[in-house]
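Just one chain follows, in the form predicted on its own, and it is written as structure tokens.
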Amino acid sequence: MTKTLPALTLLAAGLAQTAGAEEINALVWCDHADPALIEPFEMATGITVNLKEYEGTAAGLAILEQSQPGDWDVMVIDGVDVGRAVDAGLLAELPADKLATADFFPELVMPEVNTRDGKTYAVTEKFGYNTIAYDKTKVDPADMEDMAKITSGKYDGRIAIYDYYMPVLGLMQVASGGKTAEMTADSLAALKAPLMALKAASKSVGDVVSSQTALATGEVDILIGGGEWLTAVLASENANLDWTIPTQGAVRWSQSLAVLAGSTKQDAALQFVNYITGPEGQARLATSSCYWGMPANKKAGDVLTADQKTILRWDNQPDYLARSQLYPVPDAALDTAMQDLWTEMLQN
């Protein structure tokens, strides 16, 4: 499915061959560990990228806390958590005039997330939706358009929950008719009863890999919090897997790429950022073997195949963007309350 893109074309995009064996260390999510994404950059620039995977902002920040300044050069981070990293003094300012954001979907530039006081500290690289994924041969697809029908009892024991409190609680807020931007520690109490009811109706709660496996093997028929990031990578193996945005809406995830303030290799790190957010890097990242997602850069559409764009639902994005809400951006009190509620659900 993935086009083979010649590494030499990267040089035309402004990536200069680096003399010597330079290395950068990157804290990344699993989609960046695909050799099809990393090797073309290394071949074109001579820069070796040493990767360490992590899942969840808390885990990434813990790694940084246990490291020395300069140990890490680049970091992938949830868009909603960029501000936390900026407040902690962890991120370097990026030169806005050297970023590809002019080619982005306008909604994905996200200055409210990636900038602070007029300075840019991160750049959106990929996005998608936490919504409803399902096996269309095992459920009534029409039911998947209404969150109330999914949790009505009809599908009890056939549901899995993606184990990440931020998007799932955000999705439940949307399903209740609320706005993610209006969530507070006090208002969160209203989500406790529906969350516990959902847990009681569910068979499992799992991370990315176990969620994919449960849906693909038929252990469950519906995944709350799933979306194209989960089903697209399995499309060639199981065409029965699908996803939708219910009438109530969904939450939109986005991941950002940042250079760490302690890096002593800022130029090489910026080269990596520019590759990942350029058309070819974006196309490879969008179709990573770990999980797929929409590229922030519209010009990736010139590189993706027609089949890849169909799987990503490229032409539906205006509607999906309009009907989705951003992840909650919690203050310390809300974040603690969300994690406490999630832990209570897991232990219930």
Partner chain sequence: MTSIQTTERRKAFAFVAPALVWVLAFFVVPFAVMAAVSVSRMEGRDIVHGFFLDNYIRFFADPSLFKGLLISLEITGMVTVISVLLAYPLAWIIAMQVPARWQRLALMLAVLPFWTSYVVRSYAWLLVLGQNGVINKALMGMGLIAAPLEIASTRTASVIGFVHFFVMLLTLTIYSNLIQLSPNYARAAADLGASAFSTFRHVILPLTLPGVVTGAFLTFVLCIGDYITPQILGGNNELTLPQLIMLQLGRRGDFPMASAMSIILMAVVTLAYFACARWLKLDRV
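Residue numbers count along the first chain shown, from 1. Bear in mind that the values here come from a model prediction, so they are computed numbers and not experimental data.
Although not depicted, the form predicted together with its partner chain is the subject of the following passage.
Shown without its partner, this chain lists Ser176, Ser152, Ser187, Ser204 as candidates; in the predicted bound form, only Ser204 has a non-hydrogen atom within 4.5 angstroms of its partner chain.
Between its partner chain and the residues Ser236, Thr264, Thr217, Thr247, the one pair within 4.5 Å by heavy atoms in the predicted bound form involves Thr217. Looking at 179-187, 206-214, 250-258, 96-104, the stretch with residues near its partner chain in the predicted bound form, meaning non-hydrogen atoms within 4.5 angstroms, turns out to be 206-214. Taking the partner from elsewhere, Pro330 is found to have a heavy atom lying within 4.5 Å of its partner chain in the predicted bound form.
Among heavy atoms of Glu22, none comes within 4.5 Å of its partner chain in the predicted bound form. Under a 4.5 angstroms non-hydrogen atom cutoff, its partner chain in the predicted bound form lacks Ala322 among its neighbouring residues.
Heavy atoms of Arg116 never reach within 4.5 Å of its partner chain in the predicted bound form, leaving it off the interface. Contacts between 314-348 and its partner chain, taken as any heavy atom within 4.5 Å in the predicted bound form, involve Pro330, Asp331, Ala332, Asp335, Thr336, Gln339, Asp340, Trp342, Thr343, Glu344, Leu346, Gln347, Asn348.
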